[in-house]
Each structure stands twice: as structure tokens, then as C-alpha cells.
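In C-alpha cells, the next block holds one chain alone, the form predicted alone.
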């Protein structure tokens, strides 16, 4: 079953993301992806995540597609203007990539080329609009296309934002622009996430929402995220668990925390699935799934 078809089912969806290499050695990326084959419903290949230059998402998705895996092509607005963005969307479709996650993108100052110029000609909402217009047979300038693509569009939301209302308004716009699935920013506080889901369902009860599950590897990482990343709250109990773990066991503890969150979300039917982010430790995703009981 394709990811697009699964969106019409009641299945608890599981997606995960893999970062492509900073170079042309694709074997580690391919090895991590093959370990997930049959375990997840689709694999995101990130698009210059954290503004760090890497192999592109388009190439990475094509490689995995060739190996029989369902992929989600990530597209950020940071590095390309509307001409290049529309061209990449058309290119993805003719290469067999239908699932597209539309993102605004991180600021360039976060990455390894801080002297680069961010483009941001479009944002995530207007990128979704561009994709939908391409599906209708026209580009953003109103020029007619020869042949129309058909995408399965996705977007992101930060469910722990405070105030939450702007995120809900923007999510509503994204859904109206054609987003069929939402992959959220990292979720640790399930009480807050349940409150978000209550509000999100009032807006739309058809779009599939997948809670972001981020692998914590150290107490220092958890504390930094809690204090410095807007919209993400790491409950003290998780930080305490990581601090109490011997240094050699903190990764195992992080895996157990991620597994616990997935298991609770699934058992309590909090949302429609999870999106696993194990940045730099993607080889641990099968262990996270096993810890969750999948």
C-alpha cells in the first residue's frame, strides 16, 4: 500500500527521517533506510536540515525509491526562488515522487554556510499553493503546463507553541492549501499535545497528524532543547532519567523514552501516527520501534 493510500485508512502511521550524506558516499544512508524497509510507512529525506549543506532530498528520495521504499520529498523555501521550487516539484513527480513535505526552512545562520543568502521567496503556505496550482495545470505566473502532476502534500506544525493560536491558524491555511498530512515538531509533553490535538480536531478531523518523536541522547541535549527551542517542552522527568543514567547508557534511556511516548500515543489514540527523528542516530530507529512494541 502506498503512503497516499494509507492516509485513507485507519492504520497508525509511522514515518521516519534520514539525513543524506555531506558528500557522495550514499552507503550509510542506504543502509539506514534498508533497516527500516517494512518497518515504517515512508521515509523522509531531509532538505539541507539546520541549513547544513548536504546531498539533496530529491536525489536521496530517488535512490530509496529505486530500492522499493516509499519516500517523502522534503522541499524548503530557504534556498530556492519560486522558479526553482516549481521546477523541483515537477522534477520530483516525473521521477515518481508524489509525497512532498513543504517547509519554509531554517535560517542560514544556523548552518555551516552562515555567509549564504536565504531566499525565502515563498513560505510553506505559498509553496503548498504553488504545488496545488501545478496540479491544476498552471504555474504561479498563470502559464499553462503540458501535463499536470498529482501530489500527496504534507506540512508541519509546532504543537507546543505558546501562544498556540498562530500555529492553528497557519495549520488551517496549510490544510486549505492541500496538505493531507501533518508531521509535528518534537513532542515530549503529552498533556500539552493532547490539548493541541483537541483544538486541531475542531479545525479539521480529516487531515492525518503524526506526532514528532525526537531521540534524546543526553541530558545536556534535553536541557538545551527545553530552554532554547521555542515550542518544545521536555518534562523534568525525562531530563532526570537521562541525568540518572550512566554515561554509557544515556542513549538506551533516550530510546526507552521515545518508545514510551510512541506506545502511549498509540494506545491512547492521541493522533494518527508518529514521525521519528533520530538526528545523527538513525540506525537506532529500529530499536525505538522495538521499544514501542512495533
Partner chain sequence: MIISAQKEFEEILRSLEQETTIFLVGCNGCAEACQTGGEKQILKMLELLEREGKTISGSLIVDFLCDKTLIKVKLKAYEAQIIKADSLLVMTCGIGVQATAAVVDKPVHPACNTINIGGSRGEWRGEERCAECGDCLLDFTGGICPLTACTKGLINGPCGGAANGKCEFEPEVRECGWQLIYERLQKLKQMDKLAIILDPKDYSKMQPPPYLRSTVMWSLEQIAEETPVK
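Keep in mind that this is a model prediction, so the values were computed, not measured. Numbering follows the first chain given and starts at 1.
The same protein also has a form predicted together with the partner chain, omitted here; what follows describes it.
The listed set 223, 104, 204, 91 contains one residue whose heavy atoms approach the partner chain in the model of the complex to within 4.5 Å, identified as 104. Proximity to the partner chain in the model of the complex, defined as a heavy atom within 4.5 Å, holds among 189, 123, 139, 135 only for 123. Of the stretches 113 to 121, 92 to 100, 193 to 201, 211 to 219, only 113 to 121 has residues with a heavy atom within 4.5 Å of the partner chain in the model of the complex.
The candidate spot formed by 82, 158 and 163 lies fully in contact with the partner chain in the model of the complex, as each residue has a heavy atom within 4.5 Å of it. Not displayed here, the partner chain is kept clear of residue 147 by more than 4.5 Å at the level of heavy atoms in the model of the complex. Contact check for residue 180: every heavy atom lies farther than 4.5 Å from the partner chain in the model of the complex. Although the partner is absent here, residue 230 lies within 4.5 Å of the partner chain in the model of the complex, judged by heavy atoms. Remark: residue 76 does not count among the residues lining the partner chain in the model of the complex, judged by a heavy atom distance of 4.5 Å or less. With contact defined as any non-hydrogen atom lying within 4.5 angstroms of the partner chain in the model of the complex, the contacting residues in 160 to 177 are 163, 165, 166, 167, 169, 170, 173, 176, 177, given in sequence order.
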